[in-house]
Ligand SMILES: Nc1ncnc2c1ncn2[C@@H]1O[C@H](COP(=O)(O)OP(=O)(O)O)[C@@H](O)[C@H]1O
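Encoded as structure tokens, the following chain is the form predicted alone, with no partner shown.
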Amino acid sequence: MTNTSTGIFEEVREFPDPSAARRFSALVGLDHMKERLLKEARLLLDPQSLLDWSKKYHHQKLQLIDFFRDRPPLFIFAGDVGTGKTALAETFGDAVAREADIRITLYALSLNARGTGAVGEMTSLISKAFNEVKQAATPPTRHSGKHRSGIVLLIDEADALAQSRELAQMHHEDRAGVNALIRGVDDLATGNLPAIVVMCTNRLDALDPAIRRRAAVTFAFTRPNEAQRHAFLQPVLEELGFNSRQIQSVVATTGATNGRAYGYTYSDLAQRLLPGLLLAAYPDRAVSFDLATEVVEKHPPTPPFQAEGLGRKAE
């Protein structure tokens, strides 16, 4: 469901959701990130389980627990365009909802939160967004201490909202907005709320150092390597009757080859190459290896992202 009343959130979606489940399952090569996010969510939703673990294996409450709980629940997804950052951020809440058998709500912050540059506008909008998330994340817990629901706050293209305040040309309103963003993240941490903040960016170096320091983990998303491309393409190509040699050939040609220093992104494979293969065959021929070779030549990978300056000029 989309929030149209305030414009602060581009989308508000509840999980479980079958579409999100399919997209999450299709993300190959990201297993360690998936496992870490699910474990973090499990501990946020059931904080008592940490104490139970500590007493079971160490016979006391460890100081480690306090260090863990005091961290901001912030995760940074950094990497090139098309490498799965946003797709994972938009869908892992579904896996959490299914595992915990509770409702998880995704709040996707809109870039409209930057405002128009009016004094105090950006700060007000960001503060309002975090207040809304905080209120949504504070329903009563179950008698067992487990939370009844959880929140994922997604800030895509985070470098547009959380640019480094060290930039000399940065507008004062943007600086104030970054301060509000930091306060919002810290507020979620001190409240021990079942909320996770995910920031996605193509420009990790552009994020404010205070934001980067607060991240529990910064996940680096890269273009799929040969094994990951093989895992992604094999089921589809096998269904089409390709043999192992032909599959390996397609996998190889979607990597760094023929003098090209970069291979295909996940979105290149899923949104351009495979649909292009279908369209090339439809409506009067079957998909073949020769046709796949032609399609690969006609659909080269997206060039790596080139950072450009963002933000308003300082006044």
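Treat the numbers as computed from the prediction; the structure is a model and nothing was measured. A residue's number is simply how far along the shown sequence it sits, counting from 1.
Only in words, not in the display: the form predicted together with this ligand, which the text now covers.
Listed stretches are 37-45, 270-278, 50-58, 250-258; the contact stretch with this ligand in the predicted complex is 270-278, by a heavy atom cutoff of 4.5 Å. Using a 4.5 angstroms limit between non-hydrogen atoms, Val28 touches this ligand in the predicted complex. A residue is said to contact a partner when one of its heavy atoms sits within 4.5 Å of a partner heavy atom; Gly82 meets this definition for this ligand in the predicted complex.
The closest non-hydrogen atom of Ala87 lies within 4.5 Å of this ligand in the predicted complex. Although the partner is absent here, Phe232 is a contact residue: one of its heavy atoms lies within 4.5 angstroms of this ligand in the predicted complex. Using a 4.5 Å cut-off on any heavy atom, none of the residues of 235-254 reaches this ligand in the predicted complex.
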